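Given as structure tokens, the chain that follows is alone and in the form predicted alone.
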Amino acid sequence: MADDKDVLRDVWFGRIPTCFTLNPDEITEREAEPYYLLLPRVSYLPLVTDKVKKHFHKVMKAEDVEEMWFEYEGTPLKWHYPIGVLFDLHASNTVLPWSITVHFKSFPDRDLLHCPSNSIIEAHFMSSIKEADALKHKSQVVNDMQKKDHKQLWMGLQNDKFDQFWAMNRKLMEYPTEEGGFRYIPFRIYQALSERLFIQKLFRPVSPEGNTHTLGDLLKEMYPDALTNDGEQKRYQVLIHGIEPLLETPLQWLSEHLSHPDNFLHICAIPVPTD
């Protein structure tokens, strides 16, 4: 398993400075000041925005408040995507702080899932972990865990406790040495400006000939448009946690070190800004 703890810590403690402003159409009793927050990249919006809700509730009447949702430049933000993925996908080339608009009315049912409680986020999160382990270990590791172990993963994420989370998550990152890696790499490739949600297919960390697969190999197979041929101008930035890893980076190493807590490697392909 990953022994490079500094990388794991850097990923876990990645933060995005964010400014939340209330949508001007909301009915308030007095002017709503913006609210500033450092958002954890690896968490989910409803888990870390209680303070935002309380801040804006102070200037609103209870009857004017419905389910809170967020939007960036006209795009509703999907709460079930990790915060870092939302930022990389929609705002990676903007000036910080990230400016998010808060709504309490007109919930966009066609674009967003409802999230009435944290138990919904927990169910989504654990479902992703189980899906990832099915790909990596045929579900053997997650099935061998007890209910309290699953709870430890969730509480570690919910309460932002790195050591509590990784004490359990490291089991999900182990594999027999002779196999050279996981069975398949759990990954999702998101394309900015695409109607398609994401690309997710079976891909092994090692080729049938025993060669180590790299990030470049994955993109060549799954999304060749993201690669630049010799002499061509670069068209896409390929981001994981806001950075562009070298295409030669082994996929197995990325999966162990740069996966989100849900155990998926979330990869964003963003068109290079033309200005």
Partner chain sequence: MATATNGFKQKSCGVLDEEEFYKCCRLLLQQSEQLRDGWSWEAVQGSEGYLKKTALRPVPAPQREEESGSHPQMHSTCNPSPQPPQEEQPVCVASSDPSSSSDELEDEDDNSCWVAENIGLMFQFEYHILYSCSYAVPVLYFRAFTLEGRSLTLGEVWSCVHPNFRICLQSCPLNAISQQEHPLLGQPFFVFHPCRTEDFMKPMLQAAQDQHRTVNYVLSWLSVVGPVVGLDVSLNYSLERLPGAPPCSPRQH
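Residue numbers count along the first chain shown, from 1. Keep in mind the model is a prediction, meaning the values are calculated, not measured.
What follows is about the form predicted in complex with its partner chain, which we do not show.
- Site annotation in the model of the complex: the residue of 112, 155, 192, 167 reaching within 4.5 Å of its partner chain with a heavy atom is 112.
- With its partner chain left out of view, the stretch that reaches within 4.5 Å of it through heavy atoms in the model of the complex is, among 243 to 251, 230 to 238, 60 to 68, 213 to 221, 60 to 68.
- At the 4.5 Å threshold, heavy atoms of residue 176 stay clear of its partner chain in the model of the complex, well away from it.
- With a 4.5 Å cutoff on heavy atoms, residue 145 does not count as touching its partner chain in the model of the complex; it lies far away.
- Its partner chain is not drawn, but in the model of the complex it has a heavy atom within 4.5 Å of residue 119.
- Although the partner is absent here, residue 198 sits close enough that one of its heavy atoms falls within 4.5 Å of its partner chain in the model of the complex.
- The partner is not shown here, but in the model of the complex the stretch 80 to 109 reaches within 4.5 angstroms of its partner chain through a heavy atom at 80, 81, 109.
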